[in-house]
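Before any questions on binding or motion, here is one chain by itself as structure tokens, the form predicted on its own.
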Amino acid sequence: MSAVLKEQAVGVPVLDGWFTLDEQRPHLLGTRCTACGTYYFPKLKGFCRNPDCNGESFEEVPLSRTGKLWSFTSAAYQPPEPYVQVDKEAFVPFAIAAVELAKEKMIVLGQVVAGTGVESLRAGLEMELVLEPLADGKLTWKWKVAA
């Protein structure tokens, strides 16, 4: 990809409306059922999936930025689209984390920041949401071990 195209993509989210673009304190954007308080990510429309609720109204809410590492794995293969890899020969395995959000107690999957492999992860670690660019410059959320 040319430097011009990559520069134009900076600050552009890979998925519109899924997370805030606050580089210091990003949040995933979910919904909360106004009837029972159940949280959803990605955002939910229609009817509440909680079997004890008949709610059909949701409010958009920023989700917790932190949580505990519940599980993790290594993605040791070239993933399919829409994952962007400018140079397919330059693929580097990466870690994927399942993080239980602090307030919502729901599990959200995401890639772990570049340079952090599975050998440095263990269940129960405190994790923090951050933004990191993909190869095309578009931003996505990732998890990093909290300081």
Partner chain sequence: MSTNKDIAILGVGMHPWGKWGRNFVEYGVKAARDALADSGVNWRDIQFVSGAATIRNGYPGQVAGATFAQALGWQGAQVNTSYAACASGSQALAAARSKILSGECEVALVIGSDTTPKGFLKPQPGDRPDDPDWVRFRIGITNPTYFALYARRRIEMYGDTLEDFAQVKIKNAQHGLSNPNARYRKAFNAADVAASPMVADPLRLMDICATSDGAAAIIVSSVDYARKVGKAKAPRIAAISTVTPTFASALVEMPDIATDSAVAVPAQSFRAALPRKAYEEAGIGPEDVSLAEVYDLSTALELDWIEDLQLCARGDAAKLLREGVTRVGGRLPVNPSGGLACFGEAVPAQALAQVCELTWQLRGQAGERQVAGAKVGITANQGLFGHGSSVIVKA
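Fair warning: this is a prediction, and the values are worked out from it, not measured in the lab. Positions refer to the first chain, counted from 1.
The form predicted in complex with the partner chain exists for this protein as well; it is not shown, and the discussion that follows is about that form.
- P79 belongs to the set of residues with a heavy atom inside 4.5 Å of the partner chain in the predicted complex.
- The partner chain in the predicted complex comes within 4.5 Å of a heavy atom belonging to D136.
- Within this chain, T66 is remote from the site of the partner chain in the predicted complex, having no heavy atom within 4.5 Å.
- When contacts are judged by a 4.5 Å heavy atom cut-off, L21 does not count as touching the partner chain in the predicted complex.
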